[in-house]
Ligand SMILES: Nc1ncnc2c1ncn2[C@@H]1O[C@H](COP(=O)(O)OP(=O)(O)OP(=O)(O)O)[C@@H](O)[C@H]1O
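Read the single chain below, which is given as structure tokens and is the form predicted on its own.
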Amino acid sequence: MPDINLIKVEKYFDKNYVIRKLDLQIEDREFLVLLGPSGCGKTTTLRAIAGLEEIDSGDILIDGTSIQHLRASDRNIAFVFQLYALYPHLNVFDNLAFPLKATKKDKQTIDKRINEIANILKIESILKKKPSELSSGDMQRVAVGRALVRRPKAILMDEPIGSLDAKLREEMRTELKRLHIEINATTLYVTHDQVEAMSMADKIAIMEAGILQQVGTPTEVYDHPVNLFVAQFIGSPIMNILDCKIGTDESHTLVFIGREEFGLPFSKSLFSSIQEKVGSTEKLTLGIRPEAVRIEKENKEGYLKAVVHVIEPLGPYDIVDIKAGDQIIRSISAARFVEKPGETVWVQFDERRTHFFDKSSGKSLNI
């Protein structure tokens, strides 16, 4: 399988600047998820690689060779759409066989490849059925199989499970990841669902307004977001973003949340590190994920007094919104640890998982 390399790719639709000097590399046999909100340019990027859209500048390489001069049909890339687009008058076998017959493959080759793909996708029992007799999950498997049976250089998937219900989406995430491991295909997968991205990707490329924000493993983009957009787009519940100021006492850096007069104690060295990065200690935004917010029912040294605002019970754990001064802080607690809104609690932040951002640029200080 090849690697795919996008170099300074740009795309306009009239005056709309859709892809902005995009540099992106998908390694051989890698499962890369292109993640971002609707309208950020991710599907256009996918279509440009497939040859369904012409780019205005830049280059797209497969295995080091430019493919801009090739038509979509000559790029040997499979494309799986959100809509199954199966031929309703053909059974599953004939749907799978269609791209092979179109390229004049012999019957022996067709039978062999379809049997191989049917075995991988676990659809041997439905080969004689028409699409109208299939479940949504089976139709999506057939759509994937039709793309794979040609043995393409790479597989492009545009939100292929977006129209399925929640339970089936969860099953198909596992199936698609298993399939990728089994066939070792270079895969580029587009979605706006960060759960899909985190659970399936070898690497995630996050886009916003046509600009590539960050590329990294799921752990890297979750633990070390490069800016506020990535910090809030990755993770559920989303990261708390709080205005803050810092000061010092004899042994600590003190982090003041909003207008709160009590400063949470952090390590002494934090103050000088922040000053070196931004100069002013008032140009700061603090980010903290809900699972890194510690809650206690009794007052502890270094903890901030707060009041429970809202509780969302989710079975194994609760999402608890806490009001500290003029700030609402979302946290995750053990189920039923906090009993009711209005209850007084004390909170502290895990310093190792607290992020600081430049308020004006939104960039992480990487401290």
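Just so we're clear, the structure is a prediction, and the values are computed from it rather than from any experiment. In this text, residue numbers run from 1 along the sequence as written.
The following text describes the form predicted in complex with the named molecule, which does not appear among the structures shown.
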| property | result |
| --- | --- |
| Among the candidates P341, P313, P37, G302, the residue which, in the predicted bound form, approaches the named molecule to within 4.5 Å (heavy atoms) | P37 |
| Close approach of E159 to the named molecule in the predicted bound form, 4.5 Å, heavy atom | yes |
| Contact test in the predicted bound form: L22 vs the named molecule, heavy atoms, 4.5 Å | no |
| V18, heavy atom within 4.5 angstroms of the named molecule in the predicted bound form | yes |
| The named molecule contact in the predicted bound form: S331, any heavy atom under 4.5 Å | no |
| Interface stretch in the predicted bound form with the named molecule - options 333-341, 43-51, 58-66, 319-327, non-hydrogen atom within 4.5 Å | 43-51 |
